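The chain below stands alone and is given as structure tokens, in the form predicted on its own.
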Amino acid sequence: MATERRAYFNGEYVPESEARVSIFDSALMFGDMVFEMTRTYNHEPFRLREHLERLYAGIKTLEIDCGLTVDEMEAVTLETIDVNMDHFPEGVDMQIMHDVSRGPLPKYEMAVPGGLKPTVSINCWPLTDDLAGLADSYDTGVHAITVPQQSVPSRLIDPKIKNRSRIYYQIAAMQANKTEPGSYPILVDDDGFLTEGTGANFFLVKNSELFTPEGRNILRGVTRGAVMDVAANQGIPCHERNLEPYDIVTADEAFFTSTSQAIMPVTQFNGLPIGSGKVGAMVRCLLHAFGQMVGVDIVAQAKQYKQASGL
């Protein structure tokens, strides 16, 4: 077994520590990079094709010729997983990260050995540390906080294209952490309507029905779509519409969705309890149904990682 995980980098497999992007890359100069993060359940990538189709929508929008068709990218991704599988024993799942930029800028060609070409990388990283630290939150829920930083509206940068120009996410996370360490920021748009978290979509529950912000100014998350599918299979109505902070205050339950965490309960909002202030029956139902769909007890897995890490 290789002593270090290996990343796919511009057509080769290299140790993670040797996968380096040029300082003249357009990604560093402009944030000119699209990316995707997928995860596995029982070592099987979840909705990989949907993630790649969104990646290629971004590649098309940025007019990058990455040298791979979406079918070839899928094949290389599965190969990257296989190359690294010895580092992921049974029960240890991974995140799979794709990053694609147009590569170093032409004016710096003299400093780029091998000539100009797009930068394409794929890496696999264990989910153990992230989920171990969140294990208790599945039982207690997290605190969501509105922050001064707003979402960037789609008329400026379309958030449906998953790109690395996301400094507003970082600012929002810092603002939330200053208010309460460990809290989850939730952003609003120019009109004061809820959009999303920093890398997570948002849902609330009212009268046994789901509500989530419409897809205009958000990243239309793959896990968001999966939860909507689960809800449909459970006969739970789900509505996409404009939502305001007031709607969270009057909600019965709420939760975030994201690739790594799947469904994360939210039990407080701006210091106020949501509903009873405890994880509700609807969120528990959706977590159970989602776990059945992917063949993994999500909460139990996070607790297993916590126990193994000694936290």
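One rule holds for the numbers: they count along the sequence shown, beginning at 1. Keep in mind that what you see is a predicted model, and the values were worked out from it rather than measured.
Beyond what is shown, the protein has a form predicted in complex with a small molecule; the following relates to that form.
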| query | finding |
| --- | --- |
| In the model of the complex, the residue from Thr128, Thr77, Thr198, Ser121 that sits within 4.5 Å of the small molecule by heavy atoms | Thr198 |
| Listed residue (Tyr169, Phe88, Phe193, Phe211) with a non-hydrogen atom within 4.5 angstroms of the small molecule in the model of the complex | Tyr169 |
| Listed range touching the small molecule, judged in the model of the complex by heavy atoms within 4.5 Å, from 231-239, 141-149, 160-168, 176-184 | 160-168 |
| Partner proximity in the model of the complex: Pro104 to the small molecule, non-hydrogen atom cutoff 4.5 Å | no |
| Partner contact for Ser258 in the model of the complex: the small molecule, 4.5 angstroms, heavy atom | yes |
| Non-hydrogen atom contact Ile81 with the small molecule in the model of the complex at 4.5 angstroms | no |
| Partner proximity in the model of the complex: Leu219 to the small molecule, non-hydrogen atom cutoff 4.5 Å | yes |
| Contact check for His51, Arg54 and Arg224 against the small molecule in the model of the complex, heavy atom at 4.5 Å | yes |
